[in-house]
Ligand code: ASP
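Take a look at this single chain, the form predicted on its own, given in structure tokens.
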Amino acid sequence: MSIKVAKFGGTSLADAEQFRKVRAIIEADRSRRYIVPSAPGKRHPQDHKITDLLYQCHDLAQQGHPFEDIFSLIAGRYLGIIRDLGLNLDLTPALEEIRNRIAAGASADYTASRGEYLNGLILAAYLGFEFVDPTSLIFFDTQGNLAIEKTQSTINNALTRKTNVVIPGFYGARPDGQVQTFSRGGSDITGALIARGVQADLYENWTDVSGFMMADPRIVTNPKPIEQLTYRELRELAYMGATVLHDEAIFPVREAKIPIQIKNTNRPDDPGTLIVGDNGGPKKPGSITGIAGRKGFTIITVEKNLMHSELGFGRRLLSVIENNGISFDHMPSGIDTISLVIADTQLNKKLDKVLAEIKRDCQPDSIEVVHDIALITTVGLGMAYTPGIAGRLFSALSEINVRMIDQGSSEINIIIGVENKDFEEAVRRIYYAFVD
């Protein structure tokens, strides 16, 4: 029998009715043996995510303020799910322990992780599966980096002999036993690690959408679904804002050549999107797979005559960025110019200091700063080595001011920078230039 790991997101487990849908999905396929739940998400637009409420409890406790009212909302959500499912499960001791530990100064990571922990206890009881805490499976080093080899060997040794297991997502343990979380959305990473560790045939990621769309449906009306894409294409789209799947979740399963299936808990019969390994060629020459983008970038362009022949210029420029704790997204360059494309969140009031240090260390002829830039990436294996793709794209943007052009070395994407105000229109124009 094949092995499937199924991760269910916060909207998939937001209330008792969603729990019932999840159980029906799991019981429909006995190969869904390893289940990774997130914390309860929003039941409606005005609702709260449990993880957000837990972070609020931690912040209030750290400031010496009472947090019992918010914690009562959290407890009420879980107890309501148990009641509505008719479960014989007493969660009160676990809730009391968590409340007491938050009051005693528990870390933000411990506090936030309790959303997945409690949901995992409920789901395991509802399914009749064994509960396994990920602190016994997923490990970080003293610097907070994932200890991948120890994690994978432990998962393999601990889980492959088990038949049906629930493992909460989002967190693991540091060497001292303290809880550490992944970044938000990190339950996707947990699922990928479990899939690789048990050598699964498929990693299913269940959410509230039927896979990836070729463009953001908030911008393009009824965009076409992406039935299949490669890990390389997914990485490009996820990094630039296509957020159906956490981009770091790709790596564990990609290395093990395990496909990922994005599925909709509310519409389980929809085909979803299948993410597969690169097969060495495009699905359709001249085609694109998808379009994604983000607003909020700044471009710093440094110009100096004979820059190309000045030894160490690039190193000095990048050292300024590094020394200020800033990472950059792109670095298009010319003979006498280098541009750094940096997210505004990275600059975070550091711009004046960075500019002063560039002038001091690099002595450029000029520095130009352009704010309010949006980046758009057009991705597709079918683009590589296909004449006319770039011409088609830029013809579609003939009436839009393009401030930056960059193409990845793999030639599966073209990235452009436009002003924030032109972002949505640019996405629509690119989409309709390639999609009939």
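So that there is no doubt, residue numbering starts at 1 and follows the sequence shown. Keep in mind the model is a prediction, meaning the values are calculated, not measured.
Beyond what is shown, the protein has a form predicted together with the named molecule; the following relates to that form.
- Using a 4.5 angstroms threshold between heavy atoms, residue 268 stays clear of the named molecule in the predicted complex.
- Proximity of residue 185 to the named molecule in the predicted complex: non-hydrogen atoms within 4.5 Å are present.
- Taking the partner from the other structure, the named molecule in the predicted complex has no heavy atom within 4.5 Å of any heavy atom of residue 377.
- Of the heavy atoms in residue 49, some are within 4.5 Å of the named molecule in the predicted complex.
- Residues with any non-hydrogen atom within 4.5 angstroms of the named molecule in the predicted complex fall in just one of 151 to 159, 185 to 193, 68 to 76, 299 to 307: 185 to 193.
- For the partner-free chain shown, just 116 of 112 to 148 comes within 4.5 angstroms of the named molecule in the predicted complex, judged by any non-hydrogen atom.
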